[in-house]
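The chain that follows stands alone, in the form predicted on its own, written as structure tokens.
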């Protein structure tokens, strides 16, 4: 039995992804991008400040890194709490020693429960990005539009009330979106998100929202916690990625972004923090590097695009 002629017809069939969310393009076909000071690689450090409720919620899905053993899961609960009580302050000291500015993706509950931590982040001149309400605040297309709109609004309102700062950026839990998320983020006045990982430069959705890619493969959670590499191996991977992007920038006459996602309860451990600090100091001394917050990178790119 042969298929009908209409079987392969699809109104959204086109170059790249089959949707209307954004216009697809290869990175090497775009107009050249330059960073301040003629740097070739913008280093985007994003630290996840997360609150994992001791009782996870599986709807719409359980967030990666959430509680896994029967309730109450004190072992994983306190391990994650360690990041907000201890590990993140080591990271803040490392950022200060390297003289770099970063972004913190913050659950609203973290901002409410740890005001001294937020004060320290702000005092260091770092950016605060919205990161849902807590790690039960996941999004996918099974969530109704009204519930998703309420979740985004609740996270933004609580974060602004707790920090005094209106976030410009958004990072979804597990980088997960519904078909409506980009429009809802734009509706709430956000300038950019970090959920789509398919590039090494920012790009625009059709609605004007900008995406700043935050690689999963280069995150400490993926390399250290999941793949079980050492902190030193992770740092060497970051050096290799920086060197490659710097050379590629010269070859293609256009800048690149190196994302570095960090998790305080992972990289803030006393046997790992030196690898991070050494890497930051080393890269900050490179003439090709521009360490910048997400909003600074997005604004620089938008001014050229």
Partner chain sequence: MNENAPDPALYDYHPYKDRQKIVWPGGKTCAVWVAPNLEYYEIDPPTNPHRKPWARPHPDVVGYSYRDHSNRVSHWRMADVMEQHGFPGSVSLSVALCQHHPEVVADGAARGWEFFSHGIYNTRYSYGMDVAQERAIIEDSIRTVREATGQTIRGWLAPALTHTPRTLDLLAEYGLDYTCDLYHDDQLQEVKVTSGKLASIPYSLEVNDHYGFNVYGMSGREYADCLIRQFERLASEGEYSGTVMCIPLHGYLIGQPHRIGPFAEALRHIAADPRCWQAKAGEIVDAWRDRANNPSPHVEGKR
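Note that the coordinates shown come from a computational prediction; the quantities given were computed from them, not determined experimentally. Residue numbers count along the first chain shown, from 1. Take the two forms, superpose them, and find the largest set of C-alpha atoms that agree within 1.5 Å; that set is the rigid core.
Beyond what is shown, the protein has a form predicted in complex with its partner chain; the following relates to that form.
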Quiz item: Taking heavy atoms and a 4.5 Å cut-off, does residue 250 contact its partner chain in the predicted complex?
Solution: no
Quiz item: Is residue 303 close to its partner chain in the predicted complex, meaning a heavy atom pair under 4.5 Å apart or at it?
Solution: no
Self-check item: Any non-hydrogen atom of residue 237 within 4.5 angstroms of its partner chain in the predicted complex
Solution: yes
Self-check item: 4.5 Å heavy atom contact, residue 66 to its partner chain in the predicted complex
Solution: no
Quiz item: From the list 120, 136, 177, 84, which entry has a heavy atom within 4.5 Å of its partner chain in the predicted complex?
Solution: 177
Quiz prompt | Interface residue in the predicted complex among 154, 217, 187, 232, criterion: non-hydrogen atom within 4.5 angstroms of its partner chain | solution = 217
Self-check item: Partner-facing stretch of 162 to 170, 68 to 76, 196 to 204, 89 to 97, counted where any non-hydrogen atom is within 4.5 angstroms of its partner chain in the predicted complex
Solution: 196 to 204
Self-check item: Residues of stretch 25 to 46 in contact with its partner chain in the predicted complex (4.5 Å, non-hydrogen atom)
Solution: 25, 26, 27, 28, 30
Quiz item: After superposition on the rigid core, does the Cα atom of residue 14 shift by at least 2 Å between this form and the one not shown?
Solution: yes
Exercise. Mind checking the CA-CA distance of residue 15 and residue 248 in the predicted complex? It differs by 3 Å or more from this form, so is it closer or farther?
Key: farther
